[in-house]
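Two forms of the same protein chain are encoded below as structure tokens; each is given separately, as structure 1 and structure 2.
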Structure 1
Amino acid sequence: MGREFQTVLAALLKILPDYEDMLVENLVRPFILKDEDYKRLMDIMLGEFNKGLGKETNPTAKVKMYPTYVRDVPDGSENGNFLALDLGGTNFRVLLINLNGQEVTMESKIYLIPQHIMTGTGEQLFDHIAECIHKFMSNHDLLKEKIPLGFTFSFPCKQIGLNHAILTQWTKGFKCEGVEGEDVVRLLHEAIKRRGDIDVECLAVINDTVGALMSCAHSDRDCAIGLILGTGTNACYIEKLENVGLWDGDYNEPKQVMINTEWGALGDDGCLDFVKTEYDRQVDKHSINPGRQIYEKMISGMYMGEIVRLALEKLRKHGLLFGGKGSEELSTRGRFYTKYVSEIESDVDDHFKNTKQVFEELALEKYSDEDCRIAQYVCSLVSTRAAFLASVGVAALLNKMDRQDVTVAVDGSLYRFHPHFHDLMVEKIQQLVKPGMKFKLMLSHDGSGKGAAIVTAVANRLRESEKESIGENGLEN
């Protein structure tokens, strides 16, 4: 081999890693959005909020801004025993909660909802729920008691009262026939009646975002936004009645109401197309609800792992990962769990302990440290984009509310377990809010149980006082 050739080869080998980096960069660049893009997205979000709130504009709006009939944060005087149901997150739970001023105790049990029920009929779903309530009550020796129940039902619902919620469409992998367009509290009561062996009445139905807000507001009066970053994503906030064109309730004090934004549906009219990547389009295409919940699909835990998997597969097919050799697992839809993203990004040194563990679980045989670095990079791009996109929504709410100090109650597995989500969000929201505005992101604990109990307690108190006044006068007030 001539000397000259050797020199050229050596030089080539030196620049090859850079060249490979460039190829990788080309394939994942669409995940990197500019500051202007985020600013533009915030303006779009704000526009959609207003469209959803307007009486005339709401019918064609995608972000529905449902008034919840929850008017105020708790005052700490709520007390008693309550049952709560939590449907719509990772697990279905039944809870027993005792409220006693600031003191809250609870017991809960997780019950599985089998896949065939998630996509079966509504009757099967609610019969299953009623059966779980029965089991829970029997295990806690409650069968002879009458305990008010709150239902955290975390799907888009048009509420027509505190205990009437009409499901508009299923999200997050649920698709039970015969429930869309129906009042889920009625379906629950019918299932309870069909059994005939439990005496339970549902007094309130809330979204998990409202639960998070209420639970956090129990100890922090500045709490005015509830945010979920878990299997799905959504936010609720406290809005002045004068801004809610849709409002059809009374205008008594407090002149405000919690609005369940259902922001996951942003983009269902194509307004996010300018930032969607080919990976997002794939995820949407193969989902149970194509064309729906576009913003949610770019952010939440149900989809994040799959976005990363698709990007890794693309890199592998281009020979830029694992020497081009994948595995059946890596090629399987849904097999790259979102928890892997958190695990991989939790590696802080060059040993890549977690990353290698994930590769092992995916039965990948050949991987180098460079592969670990690239996988980590892809995960961080996808999760950073998710955190920044969620920040756009929060900043839009903060700017809209225009209060001085706001605490945002946050719950959900994605936010809880990802090592950087919180910090990324604080950084981005800070950039997007009006100067001088102060906010805090606070982890909200057990919102779906405690929040439901608090709302139910208020509903129960109202009902009891109504009963009393009927009893006193023989007339309804």
Structure 2
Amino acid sequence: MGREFQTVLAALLKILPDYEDMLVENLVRPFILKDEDYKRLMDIMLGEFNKGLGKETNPTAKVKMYPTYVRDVPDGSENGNFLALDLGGTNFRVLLINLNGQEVTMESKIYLIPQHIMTGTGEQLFDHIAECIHKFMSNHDLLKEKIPLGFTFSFPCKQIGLNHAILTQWTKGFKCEGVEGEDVVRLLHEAIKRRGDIDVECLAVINDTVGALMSCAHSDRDCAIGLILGTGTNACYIEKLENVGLWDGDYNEPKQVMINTEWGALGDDGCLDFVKTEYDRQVDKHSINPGRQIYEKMISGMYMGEIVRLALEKLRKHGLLFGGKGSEELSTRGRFYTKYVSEIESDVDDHFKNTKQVFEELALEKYSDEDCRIAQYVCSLVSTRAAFLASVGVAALLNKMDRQDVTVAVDGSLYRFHPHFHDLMVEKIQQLVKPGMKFKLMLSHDGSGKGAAIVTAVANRLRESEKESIGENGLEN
């Protein structure tokens, strides 16, 4: 009887890892979507884009499709000194950019935005920004110069002109009172005026998607989509004026305008509920803006680490990870950083060097190679889903524009540092675009700095040529 029992036990022990794998699989399976799910999502997105573009349907649309008043890519004749401000997260940058044809030189400085300012008043925020501009100009001996400025403001805005943008809602952890519903360029100019010691005029306000597009377009004229995959996610693209129901500008050539989709808000009406997991619902519930920016929360760097942490914790509680024993760090919301996902997925052999390093940082004392393998698997499922969801948006835009050859400018830490994001996106976009359509994803270098300067340079060139033509007409009269 003893020998029979031992044989049965040995057989059970062989099956156990497979059984455990099956249990793990059951808990993370919701992250794996079918091809038809992604196709259905693309149809939903196209519908939402058209709803946002329509004059009648825009008021109730969740994806707002704002015209940016940026009409064209640079022609290469732009030159001179320009300042650029870049506000899109916890860091704020001031840049000095010199354009001379295809040549670009840049100097920049990063300033921190303290937590108390991120959640304080609008006046405090813009005074802090003006203070940083003054410091930067002082360090570069620019205080006596008048310099045109471009402002990359990477939050949902309704633009009412090239240098007028109304903040519709704060995202990414910002909550400054007195800014939502206000023109951010006016608030910046007021803060500059309060100081009275710098001569700076903001000619253009753009978001980081337009910056990424313009930065790439400086060297590649086929660039027609700007995509951000970082703390947040958003995209812009070039649309024909005849399709923009909200357009209130002129219809001169070129008959097109860049549209800031604000696609992060897709799903705020429940249209993504069929692909949401319990982990997504948890992340949303505990976020600063529950029920809003649903698509963004399933993709971007601000939330990816937390989605992985929740999945790992669920596996641990079921005794499928770390022998059921966790750590205070692993059970702390927001403590599993998104950079850990990239690091863990960068392990290429069974030594799991990066994964073990992450476990050490999370104060996990007991872990096996199997734990490393499971953590890697969970990370890959969450990041692959994010890459595929972002690809659905890009493919929807490519199909909508229906151009033969398009370069997609991509910026953001998620795309830049994740080892497989680019390849996963190319694979999925290829599956979803119309046959014969060619595209390439191009890393945009410093779109939010260089891009803002280029938009400003184009605006400055147009303004100067307008002045000249008015002057000539005046002389004729």
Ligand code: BGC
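Take the two forms, superpose them, and find the largest set of C-alpha atoms that agree within 1.5 Å; that set is the rigid core. Numbering for residues begins at 1 and runs along the sequence of structure 1. Remember, it's a predicted structure, so these values are computed and weren't measured experimentally.
> Two forms of the same chain appear here; which of them is the form predicted alone?
Structure 2, which is the form predicted alone, differs in this respect from structure 1.
> Checking L23 here: with the core superposed, does its CA move 2 Å or more between structure 1 and structure 2?
No, L23 moves less than 2 Å.
> Taking the rigid core as fixed, quantify in angstrom how much the C-alpha of L462 shifts between structure 1 and structure 2.
A shift of 2.5 Å.
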